[in-house]
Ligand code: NIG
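First, one chain by itself in structure tokens, the form predicted on its own.
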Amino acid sequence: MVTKVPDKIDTLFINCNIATMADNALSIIEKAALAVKGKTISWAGKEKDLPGNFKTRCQKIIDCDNGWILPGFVDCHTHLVWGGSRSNEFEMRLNGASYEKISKKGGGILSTVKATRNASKNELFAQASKRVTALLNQGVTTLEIKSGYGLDLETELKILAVIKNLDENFPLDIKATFLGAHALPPEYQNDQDGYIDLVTETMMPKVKSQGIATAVDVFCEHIAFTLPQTRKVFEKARDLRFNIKLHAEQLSDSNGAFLASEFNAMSCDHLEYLSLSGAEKMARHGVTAVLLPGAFYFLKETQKPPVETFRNLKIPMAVSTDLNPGSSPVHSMTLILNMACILFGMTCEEALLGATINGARALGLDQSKGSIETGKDADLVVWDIDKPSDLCYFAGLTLVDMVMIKGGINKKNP
């Protein structure tokens, strides 16, 4: 790593080990030190290479007691703002009901839509705040949150306003994605194309004019929206200069990833049924694959995403909690890392890259987040572990000593 001695240092971490996640690898520096100036990383390297007067120019020195520093986790796919609960559906699935069967009976997304429509902004903010806090306490420093539980203009804007409020009240960097094309609302059950017209001609321009989302997503699936309908949303998104993401190939091969790649999407997410041709198109267009083992686990799926194909084609693999009330009520990135390794066959290194630099790539933030490199945001987590793979091994155990976001310490254990 190229390092440069800064004129002034605000925080200096010493007696640490670092997994920088640079160069598509753990890129470990043992017996290391790391310096922060303002909001960014200003120096990282072997502690023995610190300049002689380095510590005298530092306002705060933190002894990590041989702990490990990694970039903060980037949770690049969540549906974190919702009303109500769907624990009853969990019990239904345990008794054999499928995701599709529950959806067709008015459950699934539509039950959450009803509860979210009935909830106030304050109620949604209070509920979502608990979820954000849980993620922050477990090392998440950057977070994407989708709308999609409103399915009408008023409620979609309400959800996006709550996301904006979360971003303003929490230290995490929170990015909002508009997912109006998540499911078909009850009032449009016999007019799917009419609802897509509402999404493209009314909702998306309003969202853009308010500046409350940076990306647009679609659920392209046989129980959601067709390929032509998805194309229409993407064309509008391109015209309005939104970034593009897609729920693709989760329950069947809808060829959505192929279409999303045509529009230079930032990511395609789920991908259990992805075809080789779709993967090849993703590779040609630099689309990140976002793998969501929490949904795979909770829905008891058996079709795994083609991890070996992603390796062969050098497609970046991100992993995320997919935190949502129905298919992945998972509030722990370390649990997701464990699932990614055990269920999908990812290595610990691949899973950790997926939760850091590749998660940042899925949000278009890899130039500022996701790895420990000079000039990047000082989004760091100090972990009480013996080696990075412990984060994949100890399922559900919180081992965070400290969380720093843009140079500010936001959590520190006694």
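So that there is no doubt, residue numbering starts at 1 and follows the sequence shown. All figures in this text were calculated on a predicted structure; none of them were measured in a lab.
There is also a form predicted in complex with the named molecule; it is not shown, and the following applies to it.
- Contact check for D322: a non-hydrogen atom falls within 4.5 Å of the named molecule in the predicted complex.
- Contact between G326 and the named molecule in the predicted complex is found at the 4.5 Å heavy atom cutoff.
- Proximity of Y149 to the named molecule in the predicted complex: non-hydrogen atoms within 4.5 Å are present.
- I109 belongs to the set of residues with a heavy atom inside 4.5 Å of the named molecule in the predicted complex.
- Here the chain stands alone, but in the predicted complex its contact with the named molecule, taken as any heavy atom within 4.5 Å, falls in 72 to 80 among 195 to 203, 231 to 239, 72 to 80, 255 to 263.
- Between the named molecule and the residues F344, F219, F310, Y273, the one pair within 4.5 Å by heavy atoms in the predicted complex involves F219.
- Only one of K175, K158, H331, H182 lies close to the named molecule in the predicted complex, with a heavy atom inside 4.5 Å, and it is H182.
- Using a 4.5 Å heavy atom cutoff, none of K39, N358 and R361 lies near the named molecule in the predicted complex.
- For the stretch 237 to 267, the set of residues having any non-hydrogen atom within 4.5 angstroms of the named molecule in the predicted complex comprises H247, Q250, in sequence order.
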